[in-house]
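Okay, here we've got a single chain as structure tokens, the form predicted on its own, with questions on binding and movement later.
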Amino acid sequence: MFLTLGIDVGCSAVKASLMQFDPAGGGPKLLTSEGEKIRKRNVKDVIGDCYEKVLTKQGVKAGDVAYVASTGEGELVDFRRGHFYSMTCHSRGGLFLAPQVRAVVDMGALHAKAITMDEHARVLEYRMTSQCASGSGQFLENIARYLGVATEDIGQLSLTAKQPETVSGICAVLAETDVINMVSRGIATNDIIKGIHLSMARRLVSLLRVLKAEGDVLATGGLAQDAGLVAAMQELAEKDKMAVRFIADPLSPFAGAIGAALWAAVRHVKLRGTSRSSSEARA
């Protein structure tokens, strides 16, 4: 039995997941997942805090972890043994959380991407949003701050909208200008937020349309917790008659870290097997 740990370093948060593996069978077991907002702190300090929090919660020491793997901005994780691409980690983590899915849409602070994979989590195709921030979590957070709304309340407010206002989907600057004009016109906050969600969802759904995704699609990344955005994607997909159903798991924001921990186990087993073979050859 051995432990692995995956660390996902994003633009606004660091997430870590600790997993346990029994080579005798039974499948991987997720022990715990923790996250830390970066805000204006030193990223390496946040990584260290998140790492220690995971270990402390499970009562294990650093030496008890067989392999630490990073993803995202992983070069900042000084103590990692290996690094894996974000797409492969989100596909692997997504499959762990929802074994039936063959596509995930990763919605992060600065970028979003849609990924299709096979039953072994091998990435088949992917598409990313453009460099413009109007489809990102950071943009949504900025709008929420301007509207005086807590980010955790955005999703539920969006779900109560009656007449969503159209928001520019071209760039963040134009979209923010639209929001300022809406506020001055007295448009209800929930209708503004729903309009923003629809604008963001339109870009994300178009990525999946290009990939010809079907069936359940798992939302991952920080915005997966935004029920209003997930609902907006479903609404647009149904209008386009796409055969997809968007789902989210309570652990969706940790999909990248979970995937990194899972790939860490694969790497660890492979390295251990290579080491044993070398020892037997020398004998």
Partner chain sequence: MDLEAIVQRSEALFRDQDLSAVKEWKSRTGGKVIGFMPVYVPRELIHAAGALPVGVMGAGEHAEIIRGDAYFQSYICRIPRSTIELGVSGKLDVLDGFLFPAICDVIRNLSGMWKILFPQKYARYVDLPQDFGAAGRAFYRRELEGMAEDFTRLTGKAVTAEALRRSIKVYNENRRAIARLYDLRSEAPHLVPTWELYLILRAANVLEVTEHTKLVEAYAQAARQSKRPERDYVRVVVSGAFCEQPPLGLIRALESSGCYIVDDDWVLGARYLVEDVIEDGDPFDALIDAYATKTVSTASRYESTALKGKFLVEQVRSRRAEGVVFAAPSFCDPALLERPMLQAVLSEQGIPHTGFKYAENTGQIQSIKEETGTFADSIKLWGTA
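What you are looking at is a predicted structure, and each value in this text was computed from that prediction instead of being measured. Residue numbers count along the first chain shown, from 1.
In what follows, reference is made to the form predicted in complex with the partner chain, a form of this protein that is not presented.
With a 4.5 Å cutoff on heavy atoms, Gly155 does not count as touching the partner chain in the model of the complex; it lies far away. Using a 4.5 angstroms threshold between heavy atoms, Val266 counts as touching the partner chain in the model of the complex. Using a 4.5 Å cutoff between non-hydrogen atoms, Glu75 counts as a contact of the partner chain in the model of the complex.
In the model of the complex, at least one heavy atom of Arg80 sits within 4.5 Å of a heavy atom of the partner chain. Picking from 113-121, 191-199, 141-149, 176-184 the stretch near the partner chain in the model of the complex, with a 4.5 Å limit on heavy atoms, gives 113-121. Against the partner chain in the model of the complex, the set Tyr67, Phe84 and Thr88 is in full contact: each member has a heavy atom within 4.5 Å.
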